[in-house]
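Before any questions on how it binds or moves, here is one chain, the form predicted alone, in structure tokens.
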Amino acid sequence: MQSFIERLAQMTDPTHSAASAAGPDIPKRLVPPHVERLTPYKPGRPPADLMAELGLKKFINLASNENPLGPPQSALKAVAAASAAMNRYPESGGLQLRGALAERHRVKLDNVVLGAGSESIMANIIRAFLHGDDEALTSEGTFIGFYVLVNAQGVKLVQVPLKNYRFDLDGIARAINDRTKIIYLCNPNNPTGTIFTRGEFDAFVRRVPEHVLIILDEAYYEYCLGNPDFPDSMSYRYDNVLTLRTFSKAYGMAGLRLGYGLGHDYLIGYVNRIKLPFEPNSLAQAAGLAALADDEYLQRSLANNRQGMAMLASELDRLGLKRVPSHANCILVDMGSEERVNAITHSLLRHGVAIRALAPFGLPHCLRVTVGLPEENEAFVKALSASL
């Protein structure tokens, strides 16, 4: 007797006659239409493969907005100490790290939720609050993870075009309707690096009904420390705003997948009902606790970004390219056409430098380069000059 998997394999085999299958409609019933329409994430090829194929001795990855300094030594020591207990499940409540975050942001423990990266918390928010005829509202040209998560929920996604590479908050406010449940804002925005200002956010939030949740993704928040124009969400404390932050960027721990959310305890309580019980893992929690106290590393990280940003901006201007002023750890460059973006991207790869083409973000005529170490930035500029 055939198993279900064997029958399913036959029905997806082009050499097998659909007429002879017991149930040719099973795949349609098995996969919801909104999931069937999704496109799997396509990661870049492993650097080792590219180096071998292209005959390179060195490879520089400036495509993923990672921190080029490597992880904090304090986090590495904490991971080493915590690894002795890897046979035990993590402390489910994450009380130590949540407590440190609550103290840092002057909130209660119940206002903090942890996740395996801020994207995991975003997924739990969407699962907890979006259903049926609800709609999600955001911008074009922002973090594609939000698009995927909403589409995977089968909920309508409304996108407002960018305006001068920035969130058009006025346009988003005008797009709110009775079915709007969640508005997603990324500030600074990935991939453009742009921000909306405190004044713009003040005017916007007054137009948002109280029953509409605002997800304020501040993954790049640390790069705006000290900027008086940046609307730090934790200085507002609106009941319908959920803040997302991460240890992946300024704290250099993207590989550990650690993020946190801040919001009203009523909302955080529902997110915690959706959250997996042992997320994030024990090593990530230990590393986060150590990194949070490591101000010396954070200041080095921000200093490297400031210096690298200034150097790259100057060189891109010298080359006559159209760059967008950035408040994050990356710069968007408008190359004018997708063909030119692809040509530059492939040429840079041959020089051992990876950057990000932005067609998946809905910006096919643009590319994004991450700020690296000084020598990496110099190698990128040299390779870009040769490619142009």
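The structure displayed is predicted, hence computed values, not measured ones. A residue's number is simply how far along the shown sequence it sits, counting from 1.
Quick note: we don't show the form predicted together with a small molecule, though the next part is all about it.
Heavy atoms within 4.5 Å of the small molecule in the predicted bound form are found in exactly one of 302-310, 132-140, 287-295, 241-249, that being 241-249. Of the candidates 117, 94, 193, 231, 117 is the one whose heavy atoms come within 4.5 Å of the small molecule in the predicted bound form; the others do not.
None of 213, 113, 125, 186 but one reaches within 4.5 angstroms of the small molecule in the predicted bound form through a heavy atom, and that residue is 186. Contact annotation for residue 220: at least one heavy atom lies within 4.5 Å of the small molecule in the predicted bound form.
Using a 4.5 angstroms threshold between heavy atoms, residue 181 stays clear of the small molecule in the predicted bound form. Contact check for residue 264: every heavy atom lies farther than 4.5 Å from the small molecule in the predicted bound form. Although the partner is absent here, residue 257 is a contact residue: one of its heavy atoms lies within 4.5 angstroms of the small molecule in the predicted bound form.
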